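Heads up, the chain below is alone and in the form predicted on its own; it's given as structure tokens.
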């Protein structure tokens, strides 16, 4: 993820993964993911991207479930953690160290699981990132976006606070507008997250499928 003025840098994330200062890490996969897969939200054997993969818990879950999984992070320590987790479990996935605003998949994706990347990216870069997500997904592809709700820290002394940055649902509708994206009717499932914030599960379909 490219740096933005006032936003976190690769050095910021590298230091946290190296030191283990990752309070957002549950130590296990996000509990929202397995039920979505069980509902058939993502077809069997689909190509699934995990942007900002972190320690790779969800990458391992997807790989174990038979999905063709691609994981991307721009912190070398996160890439190493994900690769080590896969090796320990005897699983395979493509794990890439890259800036997501410069990277592109070799072929269209069937689904994207974003539980941390958008919320970790400075809001100045959200439009460019959302455009890339749309370009990566095949028509009819699914974006599983866990939109972090951090209202209490969203603004302080006139500055946008984060990460994680508050992903207001109306801002998400502007980033992923209809009719380019098919939105389900609210309410959206709300899940707890380490650090005292929550996530809204926004399951969006790219138009054209």
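Quick caveat: nothing in here was measured; it's all calculated off a predicted structure. Numbering follows the first chain given and starts at 1.
The protein also exists as the form predicted in complex with a small molecule; that form is not presented, and the subsequent description refers to it.
- Among heavy atoms of residue 101, some come within 4.5 Å of the small molecule in the model of the complex.
- When contacts are judged by a 4.5 Å heavy atom cut-off, residue 74 counts as touching the small molecule in the model of the complex.
- Contact between residue 29 and the small molecule in the model of the complex is not found at the 4.5 Å heavy atom cutoff.
- When the small molecule is considered in the model of the complex, residue 120 lines it closely, a heavy atom lying within 4.5 Å.
- The stretch from 45 to 53, 166 to 174, 60 to 68, 32 to 40 that comes within 4.5 Å of the small molecule in the model of the complex, counting heavy atoms only, is 45 to 53.
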